[in-house]
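The chain below stands alone and is given as structure tokens, in the form predicted on its own.
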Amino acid sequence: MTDVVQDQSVIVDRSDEVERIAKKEAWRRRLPILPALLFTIIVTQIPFALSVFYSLTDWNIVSGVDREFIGFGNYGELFGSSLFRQAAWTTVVMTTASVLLSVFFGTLIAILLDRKFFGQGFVRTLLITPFLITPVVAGQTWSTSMLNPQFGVVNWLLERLGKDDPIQFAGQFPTWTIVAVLVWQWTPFMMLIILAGLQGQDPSVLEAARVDGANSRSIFFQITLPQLRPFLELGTLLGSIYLIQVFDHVEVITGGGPGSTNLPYFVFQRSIGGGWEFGQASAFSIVVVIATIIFATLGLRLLSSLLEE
């Protein structure tokens, strides 16, 4: 009986020693990334915590009055503002249309590029180019060279086709003008993600489907599209996160005119854009962060349900 007890104690001691060694090894593996983790916390979480604090105060830096703690007063004013509701709706329309159209056109182009042809590498490079252009340059190029009512290329083509009066794209269709530029710039990004998914397919599975008599349409919808689901979800998630924060295109193309002011530009107007209400702007920023998370989550669920169907 004593020997059994001693053996059990030895086993317990060894298991404790193994657990200590495992924990020590885990911390040893984490040690190299601790500086990066601390840096990330300093540059992201501390400013976010300060923004939460400022959102609970009444702070106008040009009034000369000290910050006053008002609790959730800024949030109550926010949801009662018709301008904020309009900016929120514009953000939803702009982001949803841009992401869905970018994914759609990116998928079509990826399917066309997923085959061998002469100059394939050159064509891919040309198609990727719009995504490599900085947002300010892209917006400026489209607003002046392409969509300008006096000397823009688009109005010049419409004039050759019989259109007499030039179209003021940024004035008549501000939201959809920005959406068009965003789709032009983000379609290559979606194309790259989806093309990676297409090229990751097992050729033997596709060949077996053809041998069994499946046509191209059946192969795409029953084999290829389900395999592309993770890539489509990734593109939707990243596109939603980035495009809901669009600021450059709004500033350059419309200057935040009626019908084009989204939430990031609205926050800018309320803070350093002339409002100087940093308490309100901080509250708006917190809401934008929450909206980004909700919007990306809903986008993923919607896409997943469509692919399941």
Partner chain sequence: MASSTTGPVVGENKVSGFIFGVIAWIVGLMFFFPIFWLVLNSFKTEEAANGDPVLFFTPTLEQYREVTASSTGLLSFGEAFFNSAWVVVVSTIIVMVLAIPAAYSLAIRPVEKWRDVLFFFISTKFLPIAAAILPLWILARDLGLLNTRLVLIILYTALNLPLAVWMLRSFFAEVPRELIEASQMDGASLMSQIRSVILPIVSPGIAATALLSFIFAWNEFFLAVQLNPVDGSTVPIWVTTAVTTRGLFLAKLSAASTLATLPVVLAGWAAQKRMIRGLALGAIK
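Under this definition, the rigid core comprises the largest set of C-alpha atoms superposing within 1.5 Å between the forms. Just so you know, these numbers come straight off a predicted model, no measurement behind them. Positions refer to the first chain, counted from 1.
The protein also exists as the form predicted in complex with its partner chain; that form is not presented, and the subsequent description refers to it.
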Interface segment, criterion being heavy atoms within 4.5 Å of its partner chain in the predicted complex, picked from 72-80, 164-172, 92-100, 139-147: 139-147
Taking its partner chain as it sits in the predicted complex, is residue 256 in contact with it (heavy atom to heavy atom, 4.5 Å or less)? no
May I ask you to state whether residue 260 is within 4.5 Å of its partner chain in the predicted complex, using heavy atom distances? no
Is there a non-hydrogen atom of residue 40 within 4.5 angstroms of a non-hydrogen atom of its partner chain in the predicted complex? yes
Answer for residue 126 alone: is it within 4.5 Å of its partner chain in the predicted complex, judged on heavy atom distances? yes
Within 104-123, the residues having any heavy atom within 4.5 Å of its partner chain in the predicted complex are 109, 112, 114, 115, 116, 117, 118, 119, 120, 122, 123
Did residue 293 shift 2 Å or more between the shown form and the other one, C-alpha, core superposed: yes
